[in-house]
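Read the single chain below, which is given as structure tokens and is the form predicted on its own.
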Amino acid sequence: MNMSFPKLRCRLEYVCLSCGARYGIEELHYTCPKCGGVFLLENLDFDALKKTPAQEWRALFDSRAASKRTALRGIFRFYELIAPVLEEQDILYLGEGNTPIVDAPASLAALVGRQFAFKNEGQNPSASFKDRGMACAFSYLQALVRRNKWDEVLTVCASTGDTSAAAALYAAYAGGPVKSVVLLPHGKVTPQQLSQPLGSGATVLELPGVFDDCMKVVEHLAETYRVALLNSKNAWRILGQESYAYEVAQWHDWDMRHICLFVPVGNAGNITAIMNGFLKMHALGIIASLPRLFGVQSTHADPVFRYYEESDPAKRRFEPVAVTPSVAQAAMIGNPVSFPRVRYLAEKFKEIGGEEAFQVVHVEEQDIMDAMLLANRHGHISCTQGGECLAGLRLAVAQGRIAKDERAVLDATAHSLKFSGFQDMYFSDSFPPAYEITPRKEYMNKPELVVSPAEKQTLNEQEFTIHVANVIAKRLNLQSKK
């Protein structure tokens, strides 16, 4: 199929969620120059999209799923909903988006007590959901580079691992004047995640402390120097990550009745984007109802849970928390920069879907690891954040929050291989006490040496083969064919 690129162009503006100030998109903005608040990007021509019937939007997006046109193969098959200001030549595509939604096998669904599926975001190019936002942010950045003829652009981000991997990868692909610098908390990024920005050629700088410390430095750099910030304060990233919502709706044939989603909160950018995406589709009639959305946090980093734990909205006060070590590293954030977006969009979500439409739960570290291993023992490739979501679903089921006819979609934000070190710590019972994790024997697994190297030295090749086969047959209680 050779589908033409959309001709529609709209006007977008930055809108501050704190003071309401508005700014044009001709230059990069991260926080409001007037009050320091965070932005959402608003389509000033959104009402014009309502002139197209909902069934036409659904048919258009469904047809683009088969497109071979590079700019429409990924998140920008939903171009009109994301960033209808970009030209085709500026759109950067590395294979992001269109990640599979994989149903839990019947045996696992029975254990959990509900039908559910993982959306495997680890099958994005850098093996995490962050690629969705980076595809949009770098496409916009390429447009600025082209229009302004910039000869050097330094991108910078703070990260717990996945953001740095995605930013470095897309910067390497964009090339030319675009260079990447990432700030990481020393000793708090898995070796697998650390290898990614290094392999992509980024300048990797480590700081003592946690992610929140890195974020403060990055914010100061963005406010003081000419750098392009790529954390979720970048509103263009939020636009790209909305594609997750569009894909979930499309997979379910645009019918969100009896669907609930579980999403890690972390820095709150992704859950914000997902809410905004569903709200846009609902406003255009593409979906007739909103799904229910559950944010999930670890008890080791749960400021958003604590905020919504207060039932009286008038008494709610957001307060950052000091985090303690978490296996869900991307969620180990005590002061999420996108919380103002969460608060703003959650109210809109509840206005349409009712008080139960948006909820937050928190889960223990033990439950996160156990849930990840349980999922992967049933054929999934869940990361620790996916384990966090499964733990959240199990808790919600136990608390009676999920109806029997509801189907859950869990956000596995990254590939399980990024967190294999935590699996090793579980299997070897070597978690430091701060993690508060005690391995369960039924989940532990270790390799077994069949015969010793010394035994091998005493046998010829044929004898060795027969001896090893006999040992294995005895170990596995195999029955002879004779």
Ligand code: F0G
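It should be emphasised that the depicted structure is a prediction, and the values quoted were computed from it without experimental measurement. When you see a residue number, it is the position in the sequence shown, counting from 1.
The protein also exists as the form predicted in complex with the ligand; that form is not presented, and the subsequent description refers to it.
Q. If contact means any heavy atom within 4.5 Å, which of 54 to 62, 442 to 450, 427 to 435, 411 to 419 contacts the ligand in the predicted complex?
A. Result for this chain: 411 to 419.
Query raised in the report: Of the options Pro291, Gly74, Gly277, Gly161, which one has a non-hydrogen atom that comes within 4.5 Å of the ligand in the predicted complex?
Result: Of the candidates Pro291, Gly74, Gly277, Gly161, Gly161 is the one lying within 4.5 Å of the ligand in the predicted complex.
Residue (of Cys260, Ala268, Val363, Cys214) lying close to the ligand in the predicted complex, criterion heavy atoms within 4.5 Å: Of Cys260, Ala268, Val363, Cys214, the residue with a heavy atom within 4.5 Å of the ligand in the predicted complex is Ala268.
message: Against the ligand in the predicted complex, would Gln385 count as a contact residue? Criterion: heavy atoms within 4.5 Å.
response: The answer is yes: Gln385 has a heavy atom within 4.5 Å of the ligand.
Exercise. Find out whether any non-hydrogen atom of Ala330 is located within 4.5 angstroms of the ligand in the predicted complex, and reply yes or no.
Key: Result yes; Ala330 sits at the interface with the ligand in the predicted complex.
Quick one: does Phe129 come within 4.5 Å of the ligand in the predicted complex, counting heavy atoms only?
Yes.
Indicate whether the ligand has at least one heavy atom within 4.5 Å of a heavy atom of Gly392 in the predicted complex. Residue-level check for Gly392: no, no contact with the ligand.
For the heavy atom contacts within 4.5 Å of the ligand in the predicted complex, list the residues of 432 to 465 involved, in sequence order. Nothing in the stretch sits within 4.5 Å of the partner.
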